[in-house]
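A lone chain, given as structure tokens: the form predicted on its own.
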Amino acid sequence: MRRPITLYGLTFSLPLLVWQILFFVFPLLFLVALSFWTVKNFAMRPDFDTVNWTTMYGRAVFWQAYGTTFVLATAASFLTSVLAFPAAYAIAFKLSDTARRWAVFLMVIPFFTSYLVRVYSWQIFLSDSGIINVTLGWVGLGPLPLLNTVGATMIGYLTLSFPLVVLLQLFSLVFIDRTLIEAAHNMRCGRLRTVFAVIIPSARTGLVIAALFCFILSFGDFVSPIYLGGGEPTTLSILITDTTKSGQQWPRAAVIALTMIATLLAVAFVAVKFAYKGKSK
């Protein structure tokens, strides 16, 4: 049965509701309204015109940037999830409680440092005269073009989301019923088969949510594509910046931003529905 809405509950939920209205609903509504404004002589006018939508959706560069952003974010989600799972599995099933707490602490430490600072650190490693290329030069393999590449952008995405994905996967794995794993072993299932037949299905919700967070962070990231990828290929976040610099076209940038928000909401809806598919109501 659904619990009745009471004044007591509304009172304690009011701060969260006010926060959401002030810092999410109002800015979103303003962004929608801004997308219909026009720019003339570098000045925005509060008109109601669909020219910004037709202009942006009619440009090939927009759809190229959209496809690039979607593909890169999807690839980052898949790669990060695959690389994070062994780490989360080892922490959940191979470490003692004390060692697990230390591992969680180590996963949290990267968030104490600015993401921009970590990206700048990767420039030192990936540049032509950086640490990696100097090391490769000692064995006659360098220098290799590492910076300003798609691979460098993916490294930035991993830097941004890998610790978070490990933590989210870990929180899902530690709550798996261990008797299911023991039952699988009693039925002579090997470790690899147990992982795919028992552990991953049991932790599906956490694994999907972790991949979703990685997709959201990568889809809207600006730092890695510009500072590690060199701005090529163009992503939607870079396109927003270029659009605002071109004649102060903030309304057209709002169109791009709203498209990104709509895409993330659609992906989140599909991912959450899949994550909780078959769960009891």
Partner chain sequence: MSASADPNRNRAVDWALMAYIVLAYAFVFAPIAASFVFSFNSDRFPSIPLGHFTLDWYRAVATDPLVWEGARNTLFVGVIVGVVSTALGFGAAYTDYRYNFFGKQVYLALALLPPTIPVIILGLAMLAYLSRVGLSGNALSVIISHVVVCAPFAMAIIRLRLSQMDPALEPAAWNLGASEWKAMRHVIVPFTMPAILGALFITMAVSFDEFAVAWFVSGLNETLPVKVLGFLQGQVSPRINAIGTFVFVLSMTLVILAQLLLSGRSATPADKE
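Think of the rigid core as the biggest set of C-alphas that the two forms share within 1.5 Å after superposition. Just so you know, these numbers come straight off a predicted model, no measurement behind them. Numbering follows the first chain given and starts at 1.
Heads up, the form predicted in complex with its partner chain isn't pictured, but that's what we're talking about next.
This chain is drawn without its partner chain; in the model of the complex, the residue among Cys189, Leu173, Val150, Ala75 with a heavy atom within 4.5 Å of it is Cys189.
In terms of contact with its partner chain in the model of the complex, the residue from Leu146, Ile209, Ala87, Val198 that brings a heavy atom within 4.5 Å is Ala87.
Of the heavy atoms in Trp19, some are within 4.5 Å of its partner chain in the model of the complex. Remark: Leu95 counts among the residues lining its partner chain in the model of the complex, judged by a heavy atom distance of 4.5 Å or less. Using a 4.5 Å cutoff between non-hydrogen atoms, Leu28 counts as a contact of its partner chain in the model of the complex.
By the criterion of a heavy atom within 4.5 Å, Pro110 is counted among the residues contacting its partner chain in the model of the complex. The partner is not shown here, but in the model of the complex the stretch 112-138 reaches within 4.5 angstroms of its partner chain through a heavy atom at Phe112, Thr113, Ser114, Tyr115, Leu116, Val117, Arg118, Tyr120, Ser121, Trp122, Ile124, Phe125, Ser129, Gly130, Ile131, Val134, Thr135, Trp138. The Cα position of Phe24 differs by 2 Å or more between the shown form and the other one after fitting on the rigid core.
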